[in-house]
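The chain that follows stands alone, in the form predicted alone, written as structure tokens.
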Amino acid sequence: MMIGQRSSTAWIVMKHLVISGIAFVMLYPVLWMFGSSFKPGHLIFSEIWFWPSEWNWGNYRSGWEGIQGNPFARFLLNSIVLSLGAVLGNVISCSMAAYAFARLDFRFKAFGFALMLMTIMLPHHVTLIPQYILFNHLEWINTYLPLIVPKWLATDAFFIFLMVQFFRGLPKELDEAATIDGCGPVRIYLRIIVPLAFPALVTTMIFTFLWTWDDFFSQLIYLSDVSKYTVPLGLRLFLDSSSQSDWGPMFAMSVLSLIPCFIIFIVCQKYFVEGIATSGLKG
């Protein structure tokens, strides 16, 4: 009995050691970036270990002062405004579209849902040029409108599909009872569906925020004024292929740019896991 307990304990310890080792390997790039944010420039790429042998606290001060006359706080504010606009647009528009597909009956419903699912398989680069031409005719280039307005038109089919799966799991008897009490589709959506679908809405919020916050390509295409740059574009300004690059300040500001993502994920983790587990997208 004692031998069996010892072997079981040894197996548990070994399993945790292996998992801890894998976690360390996966997190090492983040640890290296965090350590490099405190290193002098000449030591960043000459040391493999993430812990600084020489500390330089000036990277954060220099990075926060910004570049080209634009403080990094402006890039953070621009990203917050853009991300919040995209989050509100996706949560409202995608939930309304999902409610229509999941609960309402209308002509060509199945065809519309299939067409919506087909857009998930359509690469973003295929529609980039037509969208740019359209937004250029609307004189929206160098503004946040091309990055926010489409979110208010339910263009992210992935979130519509996610919420459709969640809405279909809610008892339809709730709709029938509300209809008997005199509620129409709008009141049912606002009073019943939205409160019950809070986990799915939070999942949509988290994904939209992270994808918008980290987006580099779309923002590079539509934004040309440095004062309107977001965090990804602002970080790119620290790198110059023709002269010296400020790696230390760039890593320092990269660490700061991760803080909003960590805060949102930690605060909403419970609802995020619940939304994934109950929307039909679990592994």
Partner chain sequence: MMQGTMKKWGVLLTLTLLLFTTACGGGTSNTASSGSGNSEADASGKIELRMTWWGSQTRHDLTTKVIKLFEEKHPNITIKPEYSGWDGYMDKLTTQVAGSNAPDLLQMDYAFLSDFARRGALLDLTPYTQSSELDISKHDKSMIDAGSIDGKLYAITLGVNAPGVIYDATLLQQLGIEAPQESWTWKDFSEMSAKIAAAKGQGFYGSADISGMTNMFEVFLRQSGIGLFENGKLAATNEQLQQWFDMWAALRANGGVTPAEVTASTTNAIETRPISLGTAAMDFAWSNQLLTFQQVNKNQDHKLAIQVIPHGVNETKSGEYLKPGQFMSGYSKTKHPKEVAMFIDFMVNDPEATAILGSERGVPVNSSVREQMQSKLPDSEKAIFQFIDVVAKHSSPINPPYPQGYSEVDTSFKTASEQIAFGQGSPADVIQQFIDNANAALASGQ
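Positions refer to the first chain, counted from 1. None of these values were measured; they are calculated from a predicted model. We call the rigid core the largest set of C-alpha positions that still match within 1.5 Å between the two forms.
One more form of this protein should be noted, the form predicted together with its partner chain, which is absent from this view; the next part is about it.
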| said: Although the partner isn't part of this model, could you tell me whether Leu77 comes within 4.5 Å of its partner chain in the predicted bound form, counting any heavy atom of the residue? | reply: no
| task | Spell out, yes or no, whether the shortest heavy atom distance between Pro52 and its partner chain in the predicted bound form is within 4.5 Å. | result | no
| message | Please determine whether Ile133 contacts its partner chain in the predicted bound form, using a 4.5 Å cut-off between heavy atoms. | response | yes
| Interface membership of Trp247, its partner chain in the predicted bound form, 4.5 Å heavy atom rule | yes
| task | For the heavy atom contacts within 4.5 Å of its partner chain in the predicted bound form, list the residues of 195-234 involved, in sequence order. | result | Phe216, Phe217, Leu220, Ile221, Leu223, Ser224, Asp225, Val226, Tyr229
| Rigid core fitted, then: does Ile221 show a CA shift of 2 angstroms or greater between this form and the one not shown? | no
| Yes/no, Leu43 Cα shift of 2 Å or more between this form and the one not shown with rigid core fixed | yes
